[in-house]
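Shown next as C-alpha cells: one chain only, the form predicted alone.
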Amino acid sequence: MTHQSPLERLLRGLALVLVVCFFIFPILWIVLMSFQTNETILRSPPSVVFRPTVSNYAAIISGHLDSNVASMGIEFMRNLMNSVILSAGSVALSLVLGVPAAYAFARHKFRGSEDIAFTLLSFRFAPPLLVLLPLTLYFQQIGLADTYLGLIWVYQLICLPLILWIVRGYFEDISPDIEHAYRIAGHSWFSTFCRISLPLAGPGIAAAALLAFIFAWNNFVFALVLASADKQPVTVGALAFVTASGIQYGQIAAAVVLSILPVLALALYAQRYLVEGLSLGAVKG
C-alpha cells in the first residue's frame, strides 16, 4: 500500500470537501430560500443571515398563496399525492411485468430475443412527443384520457425498459447451477424463481425500482399533455407558482423541498436494504 504524506492527505481531504460543497450548495440554498420572504431573497447583495419564517410552508400546505399583488389558491398537496400515486403505481406495474420478462431474457435465449430487448429499451430513447399525439387520440377513444390508470400505463414507457435491462443483468450474474440444483430437488420452476432467483436478484430489483421511481417522479411532458389539473403531479403543478402578478420564490423553494422529501426518504430507506442485500453475498456466474 502506497504511503501518503500528511500534505497529500490534506490536499485529498480538501478536494473532497470542495466537491461535496459544490454539489450540496444548491440544495442548501434552496432550503434556506424556503424559510425566507420574497424581500429577503431578492435583496442585494444576498445574505445567509435572515429571520426565518415558516409562512411559505404554511401557504403551500393550506393551498392559499398570498402575495403583495394578489392571492390565489393552489392544490400543491394534491399534486404531491398525484405524484406518489402515479410513480408508485407505474413502478409496481413495471415490476410485475418487467421482472419476469428480465428473467426470461436472461435465461432463455431465442432468435430475436436481443432485438426485442433492444426495441423495448429504445422506448427509453424516443422523445415523448413522438407518442403523445397517438396516445392522446387512443386514450380518448377507449376512455383512459385524464385517468390515473391511463397515466400509469403511459409511465411504463419510462419505467419498464429501465427495470427490464437492469434486472436482466442481475439475473445473468446468478449462476444457473443454483437453480438447477433446486429444481433437481423436486421443486417447480415457479418455486425456483420465487425462492432462489428473486432473493438473489433482490438488490438489483430494488435499485431498478428506485431509479424508475425517480424517473417517473421527474416526468413532465406526459402529465402536462394527458392530465387535467386534478391529476397533474408536482412537476406540472409547479407551473402555477409563475403568474402574471409575480413569482413567489420562497413558496417555490418550499414546494421544491416538499417535492424532494418523498424521493429522499425512499432513497434512504432503500439504501439500507441495498447494502444488506449486497452484504449477504452476490452470486457471480
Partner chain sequence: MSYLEIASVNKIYGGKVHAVKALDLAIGQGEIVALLGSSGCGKTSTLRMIAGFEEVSSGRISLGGQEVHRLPPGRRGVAMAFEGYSLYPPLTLRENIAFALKGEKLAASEVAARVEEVAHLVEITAILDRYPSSVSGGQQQRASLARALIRRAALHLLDEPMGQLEPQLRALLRGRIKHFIRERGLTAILVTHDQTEANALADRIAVMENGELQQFDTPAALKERPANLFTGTFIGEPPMNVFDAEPQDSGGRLAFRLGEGASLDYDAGAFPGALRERLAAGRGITLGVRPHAVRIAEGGLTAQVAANQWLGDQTHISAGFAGGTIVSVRHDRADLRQGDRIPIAIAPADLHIFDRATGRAISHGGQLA
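Just so you know, these numbers come straight off a predicted model, no measurement behind them. Residue numbers count along the first chain shown, from 1.
The form predicted together with the partner chain exists for this protein as well; it is not shown, and the discussion that follows is about that form.
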| query | So, in the predicted bound form, is Arg195 in contact with the partner chain at a 4.5 angstroms heavy atom limit? | reply | yes
| Is His180 close enough to the partner chain in the predicted bound form to count, meaning some heavy atom within 4.5 Å? | yes
| query | According to a 4.5 angstroms non-hydrogen atom cut-off, is Leu200 in contact with the partner chain in the predicted bound form? | reply | yes
| said: Can you tell me whether His187 touches the partner chain? I mean in the predicted bound form, with a 4.5 angstroms heavy atom cut-off. | reply: yes
| So which of 171-179, 90-98, 147-155, 76-84 is the stretch with heavy atoms within 4.5 Å of the partner chain in the predicted bound form? | 171-179
